[in-house]
Structures are given as C-alpha cells and as structure tokens.
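What follows is one chain in structure tokens, specifically the form predicted alone.
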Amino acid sequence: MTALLILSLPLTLALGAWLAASLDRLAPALWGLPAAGPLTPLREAAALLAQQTIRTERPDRLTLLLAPALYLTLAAVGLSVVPLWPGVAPIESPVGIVIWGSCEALTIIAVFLHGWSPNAPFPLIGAYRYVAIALPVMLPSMFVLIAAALPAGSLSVTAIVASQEPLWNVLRQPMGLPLFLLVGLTLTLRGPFDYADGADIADGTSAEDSGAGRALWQFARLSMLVAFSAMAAAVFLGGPLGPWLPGPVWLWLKTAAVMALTVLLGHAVARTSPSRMLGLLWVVALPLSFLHLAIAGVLAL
C-alpha cells in the first residue's frame, strides 16, 4: 500500500503541474487579456524539449543539473507527508511539519544554485535577491505551522488533519492561511515574491536557461506549487476530510482551490522593491505571525 502511494507521487506532480500551468495561462482573461487553452502548456513544453540548449561560458555543470533536480525532489518529499485519506499518507512521519519546513529552507539552496550555475551576472543577481527575501519569509512560516500543530498536539500532518474534524484551521486560525500564502508565493517564485526570475533582471536565475534545462526548471517550479497547495489544503482546509466524496477527491479539490488562489495572487499583486519588501516582512509579516502563534497558543490551553 505504502509503495503504491509513493509511486502515485510522480503522477500527482505531473497532473498538478499541468493544471497549474493551465491556470497560469487562463489568469490573464480576468483582466480582459488574451488567454491560452489547456493544451498550450503541453505544446510549449514540447517546443522547449526540442529546442537547442545554449550554454554560457564555463558554467558549473554539476549545479546546473543539481538545482532543478533538488527543487523537484523537495516538492516530492514535501508532498509525501500529506495524507491522501484520513490517517493515511504516503510517508507517515511524527514530524511531518518539520520535514516540510526543511523542504522550504532547502528551496533557497536550490534557487541559489540555479542562479550560480550559468556563471553569468543576471542569474547571480536573481539568486542573491531571492536569498535576501526568502530567508525572512521562513520565520512567519515556522510560526504559522507551529500554530497549526498546537490544536493537534503533534507535528504529524496526519494528526493536524484529524484535529480539524470539528473545525478547519482556516476558521479556527483565520490569519494562518493568508500568512502561509506568502510562503507559497516565495517558494514558487511568483508575483510580489518573484525576485529570483524577475523581468527587471532579464528573467534572473532563468536568464540563461534554454531547451530541456528550462523545461525542467519550470516543471520543478510548478511541482513545488502542487506540493505547497496540497500542504496548505491539509493544514488549513482539513485535507481529505469531507462528506460523501472519497478523501483523495476532497484533497484534490481543495489543492486545486489553493493553487488557483496562489496563481491569482501571483498575477494580481505587483512586486515592490526588495528593500521595501524586506521592511514589510520584518515590520508587518513577522509580528503578525508571532501574534497569530500567541493567540493559537492561548486558545490551545
């Protein structure tokens, strides 16, 4: 059973990445702009795979391969601790939240290596900018996840899902999901937190990507969005809990809803300067997340 659940992870990531890419191309229609159909991501992926790969002078070939592989692996590991049925996860761990937190932190390493590997200025600038922004985002994430674990009295994602049978955390801890969405935008390099691959630095860490390497990096980004959305659905929306339908169907529906919301925020919210964003993170997001944790702690007593 466990082996089948683990083998289902690549299929889940592939289908989820296709859905996320389709949502990305449909989102401009909300602003009256031309939108693309669901087959467009597949055509674009095929075009990238057929494209000739162009290399910069003296790239770091090891990290060039390691960065997207690490990013994709972190998405798969993070997804593996999310329960598909109540009480059943591909990898049941008593410290599932800690494993997810480790995946969040190591994502910074993956993005930095992606910017380091081409041996070119724009990717390196994107890598350093991402590190500066992503590190302070990890603190609100830690507080939000600990707060979600308090009602369960456990760091297991399965136990956190079970604790939401009477009331979902999105209602019990209303600040949790909005704060966690900031983490999702950072992990997937989107919207106001897209400091790694921003257009103002010629696509940043992806500036020198081409061919199969670019396709793999984009797939890893979309896979991380799938993993983040599934984790958010499990921690705040009860994951597989729900009437009538099987648990995996509920988890998929909630994951798709979080994914659509994250894509929408990524398109709707503009990016500000790095210095202003750092100020917002330290002065607004961090105190809010600590207040959120304090309130959750009092309620859990």
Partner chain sequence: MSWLTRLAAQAAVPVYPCIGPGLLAAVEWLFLSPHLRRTATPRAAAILLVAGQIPPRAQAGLDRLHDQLPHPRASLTWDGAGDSTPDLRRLWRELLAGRGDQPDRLPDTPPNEWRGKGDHGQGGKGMMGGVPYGRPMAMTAKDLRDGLELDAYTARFGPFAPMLPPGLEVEITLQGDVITKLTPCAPPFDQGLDASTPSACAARLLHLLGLPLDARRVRTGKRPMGLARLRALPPGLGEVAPDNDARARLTAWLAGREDETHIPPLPDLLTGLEWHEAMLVLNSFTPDALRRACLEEAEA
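Since the model is a prediction, treat every value here as computed from it, not as a measurement. Residue numbers count along the first chain shown, from 1.
Although it is not shown, the form predicted together with its partner chain is what the next lines describe.
Determine whether any heavy atom of residue 199 comes within 4.5 Å of a heavy atom of its partner chain in the model of the complex, and answer yes or no. Residue 199: contacts its partner chain in the model of the complex.
Verify the contact flag for residue 210: yes if a non-hydrogen atom of it lies within 4.5 Å of a non-hydrogen atom of its partner chain in the model of the complex, no if not. Yes, contact at 4.5 Å.
Is residue 129 near its partner chain? Define near as a heavy atom within 4.5 Å, in the model of the complex. Looking in the model of the complex, residue contacts with its partner chain include residue 129, since a heavy atom lies within 4.5 Å.
Answer for residue 63 alone: is it within 4.5 Å of its partner chain in the model of the complex, judged on heavy atom distances? Taking the distances in the model of the complex, the answer for residue 63 is no, it never comes within 4.5 Å of its partner chain.
So which of 250 to 258, 28 to 36, 65 to 73, 231 to 239 is the stretch with heavy atoms within 4.5 Å of its partner chain in the model of the complex? Answer to the contact question: 28 to 36.
With the partner left out here, which residues of 46 to 70 have a non-hydrogen atom within 4.5 Å of its partner chain in the model of the complex? Residues within 4.5 Å: 46, 47, 49, 50, 51, 52, 54, 56, 57.
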